[in-house]
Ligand SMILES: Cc1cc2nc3c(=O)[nH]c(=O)nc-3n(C[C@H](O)[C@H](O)[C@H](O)COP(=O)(O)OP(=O)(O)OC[C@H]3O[C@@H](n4cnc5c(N)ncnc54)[C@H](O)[C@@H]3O)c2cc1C
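A single chain comes next, written as structure tokens; it is the form predicted alone.
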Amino acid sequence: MRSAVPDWTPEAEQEFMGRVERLVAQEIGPRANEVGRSETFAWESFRALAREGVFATSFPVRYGGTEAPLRLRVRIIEAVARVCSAAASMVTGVDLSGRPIAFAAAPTLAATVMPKLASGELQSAFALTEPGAGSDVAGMSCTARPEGDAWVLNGVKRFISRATVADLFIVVARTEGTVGAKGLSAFLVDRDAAGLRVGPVQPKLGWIGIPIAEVFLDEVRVPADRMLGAEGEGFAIAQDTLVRARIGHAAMAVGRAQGAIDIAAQYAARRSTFGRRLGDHQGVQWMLAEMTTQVEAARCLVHRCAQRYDDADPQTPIYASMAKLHAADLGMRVTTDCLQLLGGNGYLQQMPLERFMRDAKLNQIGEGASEIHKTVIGRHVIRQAGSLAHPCLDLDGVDL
């Protein structure tokens, strides 16, 4: 499903990252606390990211994008996540809801909508999760039935990020009468399609600034040429999209953890306790040392996973699960420990770390909960063991 990636030289990547870091320092970061207090879409951050061409990095050149390799995309996500989860999730969300259109839509349809998505003129939302089907994509019940030159969709989608501002929805639904993954297809549905209704904003713990809502589909008629890919390819489209999304979640968790360490270290360098700077206490230094080392290890795992994706390594999905599991769980621990270093000040909304800690939790839940990924990874390890023979182990003579 991937097209050839244009040649991004190291110099071009570094120049672009410089622009992103200036944007983070001058615009995204200074308003992040304000964004984190209102469950309305953070339009100023969205427009700033669009203006700097950040969204365009997710899309092919032939459709108005600059298609950055994923190794650069994770650096962008990490840089933005150091200050604002809402803005970082805009970067990952555009990727999540745009890639299926880029690589599965008919060329005429893609050419119509993709340039506007790349520029930020339009937004799309990925309507996958249902009340009874989250990580179990194959268990979804939203239905699609053929009717003349169209398909008719019925069902409810839940936890849909940016549903309240999306112009388009990618809806994955099951052909009536089918079971399992093979019966799923994907459709591009206009927001103003008759029978489509977006529910009210659902208040949540974190990621404030990126509203979520339910999407209701009642006899929604979708032209046949709005199907993405062929009938029955919805599961494959969703899986490829979710691999990128999981790597994005991992990069976001790493960025937020690094931001939390930066805040804690700056605080420790100025705060005095018992006649000494907080940062002069060995226990604090050791905490910062361990967290920094662990985050750097997670960063290496995420970047290596992104490179595997760019190289079309067939093992990328399992490494995406590893990266997402490790980075998300680490990110939760690091933000919690960094808040602890700030004591009572860390508990105040005046300081960013209470927001960081609330935001960190969703990385452990979204795009497959940590427990799901543990199961996926564990099963993979057991399967691999069947084809391995450790040179130090001989089980033939052992009574098992």
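Each residue number is its position in the shown sequence, starting from 1. The model shown is predicted, which means the values in this text are computed figures rather than measured ones.
One more form of this protein, predicted in complex with this ligand, exists but is not displayed; see below.
Asks: Any chance all of 128, 365 and 372 sit within 4.5 Å of this ligand in the predicted bound form, going by non-hydrogen atoms?
Replies: Yes, the whole candidate spot contacts this ligand.
Asks: Quick one: from 123, 258, 161, 185, grab the residue that has a heavy atom within 4.5 Å of this ligand in the predicted bound form.
Replies: The option sitting close enough to the partner is 161.
Asks: In the predicted bound form, which of the listed residues (116, 221, 204, 304) lies with a heavy atom within 4.5 Å of this ligand?
Replies: Contact with this ligand in the predicted bound form is made by 204 alone.
Asks: Counting any heavy atom within 4.5 Å as contact, can you tell me which stretch out of 152 to 160, 102 to 110, 273 to 281, 231 to 239 lines this ligand in the predicted bound form?
Replies: Result for this chain: 152 to 160.
Asks: Residue 134 near this ligand in the predicted bound form, any heavy atom under 4.5 Å?
Replies: Yes - in the predicted bound form, heavy atoms of residue 134 and this ligand come within 4.5 Å of each other.
Asks: With a 4.5 Å heavy atom cut-off, would you call residue 212 a contact of this ligand in the predicted bound form?
Replies: Yes - in the predicted bound form, heavy atoms of residue 212 and this ligand come within 4.5 Å of each other.
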